[in-house]
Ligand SMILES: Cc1cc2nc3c(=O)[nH]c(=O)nc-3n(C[C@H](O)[C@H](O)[C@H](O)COP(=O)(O)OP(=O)(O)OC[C@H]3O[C@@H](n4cnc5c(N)ncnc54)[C@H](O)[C@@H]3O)c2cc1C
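For reference, the chain that follows is the form predicted alone, supplied as structure tokens.
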């Protein structure tokens, strides 16, 4: 069976991979000239990579890890020490760590929290631990119910002191969805905390050994094409064409030499939710299933890459900046084999929340970021010989993952639509891992399973 897929991000490519496994023939159409969607990367004139985002892999990503195993590229993940590292705003240039010992969950997480005395007092640790008991005992059903609250509201409801939010969860909230705890749904952070506490290596992190485009997306393309499928770049889908009965009769592809009609047995949108809403045919716009998408909207995010003339840090890990402007960052010259440099740093940083910054110039964004870095690395930016910025790249994504404010869960669609031969995939669709690389891969797998179930294996 031939399946047309609009979008070559992780969801679309994963869907195509699992369709190949089911004996089908996918044709993936990507409007841009680069693979990956929200994990896309580019090379600059110097041969240096810059990426759409700072992509971190977790031990609590079972579908992603299984996919890498199936592709034979699991060794491309560079696993880091099992810890979480936070900057200390009151002591610039210093760090606080949550070190997870090599013992079963949830005890390793409990010990990590109890041993950290820099950020939380003992009464705060105890109150937070007591507040988490319902999520631990009741599991995912309780976590889903908490979507009616922001994380700040949930903390207050559980009588957790406000300082716990300020010390730990502003940083984690911005890392997970690029917004603050007063905006983010409690479901998002509780989902992450459940995975981290219930799986021994759930919070353990890894970085890819090179760019996601080459080291993750291209192996997926190779697998798809080897299995008889096809991946076409610069093939933007202009319109979903319908038959008289409302089913899809083809994807109309815009081309320089004229439009092209691609027909298939089944069709999949692997587009982000925002462009999908603009593409919906008029007859579909009145359907309740598609109307629910109006409750989902991408959140803006900015990713920065800054190359310096010296090493700013030797830490080989993700760092939570605890800055009002920045979310997380890493020195990619330490964390990523392909970007390695023993003498100079390349910091990759996420600016979040970015709503007030997405319209500003790259120069304004970089200057503000350097102001924050002076606080994080005072030893390198003070004195007579401050660190010199050699070059930079700023990547703006005006609509990234869906903004996970309270109440969004009810707007997330299942992969099977009311249109018999049309399906959705993407991290915004309903699956347990929310908006993430893991969510994208899982959604692709679920979509392929729905197609197999509804239309049969080849």
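Numbering follows the first chain given and starts at 1. Nothing here was measured: the structure is a model prediction, and the numbers come from that model.
Unshown form predicted together with the ligand; subsequent notes refer to it.
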{"item": "Position in contact with the ligand when the complex is considered in the predicted bound form, options 60, 27, 419, 39, heavy atoms within 4.5 Å", "value": "39"}
{"item": "The ligand: the contacting residue among 143, 164, 237, 306 in the predicted bound form [heavy atom, 4.5 Å]", "value": "237"}
{"item": "Heavy atom distance at most 4.5 Å to the ligand in the predicted bound form, all of 32, 52 and 178", "value": "yes"}
{"item": "Which of 386-394, 41-49, 424-432, 410-418 sits within 4.5 Å of the ligand in the predicted bound form, heavy atom basis", "value": "424-432"}
{"item": "Residue 84: touches the ligand in the predicted bound form, heavy atom cutoff 4.5 angstroms", "value": "no"}
{"item": "Any non-hydrogen atom of residue 442 within 4.5 angstroms of the ligand in the predicted bound form", "value": "no"}
{"item": "Interface membership of residue 326, the ligand in the predicted bound form, 4.5 Å heavy atom rule", "value": "no"}
{"item": "Non-hydrogen atom contact residue 279 with the ligand in the predicted bound form at 4.5 angstroms", "value": "yes"}
{"item": "Contacts with the ligand in the predicted bound form - residues in 183-206 whose heavy atoms fall within 4.5 Å", "value": "none"}
